[in-house]
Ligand SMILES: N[C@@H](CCC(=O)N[C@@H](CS)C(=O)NCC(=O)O)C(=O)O
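Presented below, as structure tokens, is a lone chain in the form predicted on its own.
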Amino acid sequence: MILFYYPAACSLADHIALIETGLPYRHLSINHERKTEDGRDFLSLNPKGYIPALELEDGTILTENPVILNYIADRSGKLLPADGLVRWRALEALAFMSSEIHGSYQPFFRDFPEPEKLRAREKLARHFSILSGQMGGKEFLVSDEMTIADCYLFWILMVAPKSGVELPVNLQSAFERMRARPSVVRAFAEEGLA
């Protein structure tokens, strides 16, 4: 498998999941001209133009974080229980972060007017409060075992400082625990991050 990524972008979640599961992979960065590290036109691989994208052994391209993370979990048999409430809570959290939180960061990645940034901060604060309540005192977001939701949560929390929204204590602690995991340290090194 080949993971197409931008350093420190949301594709980091998939990168962490691949390392955690032990699945074999290569990772290729995408530049601002939408060229892959190996010289291919990324838009011919993924017309959406967004990362992450995962190229399977047969050349099939999967896109969208929830789909790729589910594929990694399904293929490896790790990071997502086969059944039970923890499975559904992990998928629920993944969908919530992908649809509600990720998009709320847009004003902070582009030059949006301050009123839009203020609305986004308020929305993010509410969403972080919801995640904090869901996590409670657990080791990870939905249980005491890591799931694919935690891989995505790490990225969500990593970029939170750009918004100026303070994280609840349990989410900040979860971020720090995840940052120390060997899979995260390795993903950072492979993406050339500090």
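All residue numbers refer to positions in the sequence shown, first residue = 1. None of the values given here were measured: they were computed from a predicted structure.
Beyond the structure shown, there is the form predicted together with the named molecule, which is absent from this document and is the topic of what follows.
- In the model of the complex, no heavy atom of residue 168 sits within 4.5 Å of the named molecule.
- In the model of the complex, the named molecule lies within 4.5 Å of some heavy atom of residue 65.
- In the model of the complex, the named molecule sits beyond 4.5 Å of every heavy atom of residue 117.
- For residue 6, a non-hydrogen atom is located within 4.5 Å of the named molecule in the model of the complex, even though that partner is not displayed.
- Judged by heavy atoms within 4.5 Å of the named molecule in the model of the complex, the contact stretch among the candidates 160-168, 137-145, 47-55, 124-132 is 47-55.
- The candidate spot formed by 34, 110 and 155 lies fully in contact with the named molecule in the model of the complex, as each residue has a heavy atom within 4.5 Å of it.
- With the partner removed from view, the residue among 184, 18, 174, 10 that has a non-hydrogen atom within 4.5 Å of the named molecule in the model of the complex turns out to be 10.
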